[in-house]
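Quick heads-up: it's one chain on its own, the form predicted alone, in structure tokens.
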Amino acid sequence: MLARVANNLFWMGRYIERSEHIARYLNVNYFSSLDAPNQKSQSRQFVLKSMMFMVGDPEKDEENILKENEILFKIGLDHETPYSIINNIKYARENANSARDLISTELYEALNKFYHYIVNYSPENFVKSGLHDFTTHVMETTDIIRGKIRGTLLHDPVYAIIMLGINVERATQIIRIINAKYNDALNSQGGYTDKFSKSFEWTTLLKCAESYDMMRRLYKKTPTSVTTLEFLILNPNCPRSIMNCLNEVYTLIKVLDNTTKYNKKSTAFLVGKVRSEFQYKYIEDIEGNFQKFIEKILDDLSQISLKMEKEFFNY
């Protein structure tokens, strides 16, 4: 396999996963705010600023009044916005085109159908009444595409590369969502039932990560800051947790590098090192200096991705 083609497969996986998490964040944040127990979390400005914070384009002027239709269009269907959902789907399809002979017809057709649905979706309908329909379709279709990846491809290096992209991106997006909702929980304090540790934003966070039901099943109580962060960061059995993603990346990287030689410069060594740090962390250690933790894990994930590209995809 050419390194260029391997790189395309890796980024195809990343863009598919990224589009899903952005879509779910828009959906859950927007509609959960309608049932929020405090006025701050119900505020449309609060919700829109949270969306912009999550995609990495925070509104710096607190006095600026954001326009709902402009923000939704910018994140959803704006061709000029690099992080928009439509661009993520476009980039995923472009990368799939470059590796067409290595992926299944079923996978390519699902991705191609998804692309045409997105590019033909009416922006006017999206910003006025189509948010739920659009984001739900994105979430459901990305699930179908991941099913095609698992169910129609040989579980060989091609599959491993795509799944590496998916898991690296999933960990990155979950951390960004956690950071955004942690920030929301801090900003929404001050009213009835919205103290930081028991903020409504922890429930929203779990729903953004499709983990609310399983978290309640495990802890058998209302989400708090400690239980939510522990579940989404350190629990190895939660499929959306950072720990689970690192475990998956470590397993998949061994498919590409099956040597047992102790090599401190390898991607496998770096992944193992980061993974081992999480295995012996307590959530209290993380919560004590949360911003530093967020910066470090995002940097670690970036370093893993860069080292992976240099070692396996450099052309």
Partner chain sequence: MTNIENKIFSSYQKDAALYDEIFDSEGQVKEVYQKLFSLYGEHSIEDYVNLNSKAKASFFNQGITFQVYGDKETKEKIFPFDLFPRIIDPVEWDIIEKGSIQRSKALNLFLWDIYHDKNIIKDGIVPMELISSSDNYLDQMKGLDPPEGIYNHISGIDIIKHNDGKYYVLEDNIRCPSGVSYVICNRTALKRALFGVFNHYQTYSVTNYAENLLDLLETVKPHGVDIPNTVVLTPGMYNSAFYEHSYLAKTMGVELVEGRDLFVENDFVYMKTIKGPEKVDIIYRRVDDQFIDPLEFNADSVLGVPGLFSAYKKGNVTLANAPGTGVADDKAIYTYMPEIIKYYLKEEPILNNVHTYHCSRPDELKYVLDHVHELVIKPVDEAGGYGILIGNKLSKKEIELAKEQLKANPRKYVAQPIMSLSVHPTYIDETEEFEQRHVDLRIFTVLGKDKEFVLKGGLTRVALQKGNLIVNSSQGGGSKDTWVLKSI
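Numbering follows the first chain given and starts at 1. Worth saying up front: this structure is predicted, and the values here are computed from it rather than measured.
Keep in mind that the form predicted together with the partner chain is missing from the display, and what follows is about it.
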Select, from the options 178 to 186, 109 to 117, 130 to 138, 225 to 233, the stretch whose residues sit within 4.5 angstroms of the partner chain in the predicted complex by heavy atom distance. 109 to 117
Please state whether every one of the three residues M1, E94 and S104 places a non-hydrogen atom within 4.5 angstroms of the partner chain in the predicted complex. yes
Evaluate I161 for contact with the partner chain in the predicted complex, applying a 4.5 angstroms cut-off between non-hydrogen atoms, and reply yes or no. yes
Answer yes if any heavy atom of L256 is within 4.5 Å of a heavy atom of the partner chain in the predicted complex; otherwise answer no. yes
Contact test in the predicted complex: T152 vs the partner chain, heavy atoms, 4.5 Å: no
Please check if R100 has a heavy atom lying within 4.5 Å of any heavy atom of the partner chain in the predicted complex. yes
Since the partner is left out here, which residues of 5 to 32 would have a heavy atom within 4.5 Å of the partner chain in the predicted complex? A6
